[in-house]
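Provided below as structure tokens are two forms of one protein chain, presented individually as structure 1 and structure 2.
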Structure 1
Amino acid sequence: MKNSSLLWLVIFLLAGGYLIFRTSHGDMGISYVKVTTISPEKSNVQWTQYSKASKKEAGEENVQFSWSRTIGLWVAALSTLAIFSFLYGDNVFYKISESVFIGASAGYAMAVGFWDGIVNLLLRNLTPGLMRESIIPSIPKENHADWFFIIPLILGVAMLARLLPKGGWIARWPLAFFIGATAGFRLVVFFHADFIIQIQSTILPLIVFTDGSFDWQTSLKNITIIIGVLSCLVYFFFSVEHTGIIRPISRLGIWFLMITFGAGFGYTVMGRIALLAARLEFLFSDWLWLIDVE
């Protein structure tokens, strides 16, 4: 056995023994809930609300142990460790956790899309009475069927023709309509955000006065923005050879581009580190009870 494999085996055995010891003493991996009975005014209906409670509240009267949340806590913790195991190398635990995560995300997205798109939008407007009596009692009684939603219903049913052995060509029409409409809406949004707004953001005064006095900070910021935009545009202007005065301006544009790309990469790294810190906080606080962030 290689020295590195032996080292990792010893670490895993020590970590497993530590977890067994902490779990047997009830000092980690336990989730409590606070039970609250809600009685709204002008209503005879009562229901019970369960909210997360800390380990400090475990002795209170309305705080009780939760099996479901404890099992979910352990599943989340072990899945996180399985994902972290990829740092050692590709293994079966990482593959299982990755598959479960992707499958659960796809299933959740499908369930949310079905409820928001089909139930809460299509059926709610086509059959408000049926929805009110069955699963959405909050629909006002004065709402009536909107027959305009027959069109998306027909398009949706036609798109399912893709699953038929013959007649799959029917799904091309609703698919083409959906792609065309989405492209049209996105075109307007991106044109406004990536073109008009950027032009407006560069139409700035070079000299700024605030309350009658010269504001050098705002003036310097505006001058930097305008010089950066113009120099980057000159760098991407390839119809003229970059010689003479064009060469130093394009070189300045390269510096602005590199600073922008570096800032974007740093922002991405900071986001990933924030996700890592959140998972480590979950492991050491909610699961192992080694730190108290409350």
Structure 2
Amino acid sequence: MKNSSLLWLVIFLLAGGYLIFRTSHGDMGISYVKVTTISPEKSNVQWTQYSKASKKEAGEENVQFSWSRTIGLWVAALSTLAIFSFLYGDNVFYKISESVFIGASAGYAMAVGFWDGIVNLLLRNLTPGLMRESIIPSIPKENHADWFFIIPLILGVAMLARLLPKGGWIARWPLAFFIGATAGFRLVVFFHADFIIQIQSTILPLIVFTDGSFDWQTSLKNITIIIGVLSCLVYFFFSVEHTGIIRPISRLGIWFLMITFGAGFGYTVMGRIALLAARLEFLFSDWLWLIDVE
């Protein structure tokens, strides 16, 4: 056995021993739930509802230890560590977690698509009576079948034709619908929100007076914004060669863009570090109970 492998084995054993010791003493990795019995009015049906309880609430009435959530907590913690293990190098724990993530994501997306798309939109409109009697009792009785929803059903089934050995070209029809709908929707939305509104917002007063006196700060801000937008647009305008007067203006545009990219980079790093902090908080607070952020 290599020295490095031996070292890692010792570290793992020590960490495992530490976890087992603390868990056996009830000092970490335990989830509690608040138990409520639900008995709706005008109904004989009853069921028990479990909601999350903090460790401080342990011992209170109706608060009890939860096996499923404790297992969940450990699964989440070990999955988190397995993903972090990739920082050391590719390994079997990371690959298993990655595979679980891919499978669970696909299954989750399909389940959401089924209930939100097929049941809640398609079947609700095509067979409101059947849905009212079985899954969605909130559908008003006056709702009738909307036969226009046959069209997305046909397109959806055509989409599945891609799985056939022959006739896969039929799947182009729903694809064309997707592209047409996206193009039609985006054309207007982008033209309005990202073109007209943005230009409208850039038309600012160059000299601003506030309460009768010259407001040099707002004036300078407005002038900088207008110069910045125009110089960036000049840089984006490739139909004219960037020589002569255009050259310094487009250069200024590049500087404005560099500031934008720098700010974007800074915020992206901050966002990722915030996510990292949240994961560490989960490990040290929710799982190990070493810090208390509640």
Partner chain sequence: MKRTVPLIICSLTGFILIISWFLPAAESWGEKVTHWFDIVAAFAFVLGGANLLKIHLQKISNRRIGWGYSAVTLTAFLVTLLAGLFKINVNPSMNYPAYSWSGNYLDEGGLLWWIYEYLFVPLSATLFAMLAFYITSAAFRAFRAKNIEASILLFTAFLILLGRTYAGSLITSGLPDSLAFLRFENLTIIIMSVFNLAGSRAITIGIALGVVTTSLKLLLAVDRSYLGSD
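Rigid core (definition): largest C-alpha set, two forms, superposition within 1.5 Å. For residue numbers, the reference is structure 1: its sequence is counted from 1. Owing to the predicted nature of the structure, the values given are computational and were not obtained by experimental measurement.
Working note: structure 1 is the copy from the form predicted alone; the remaining copy is not.
Core-aligned CA deviation for Phe190 between the two structures: 2 Å or greater. In the core-superposed comparison between the two structures, the C-alpha atom of Ile246 has shifted by at least 2 angstroms. Relative to the superposed core, Phe237 undergoes a Cα shift of 2 Å or more between the two structures. On the core-superposed pair, the CA position of Leu13 changes by 2.9 Å between the two structures.
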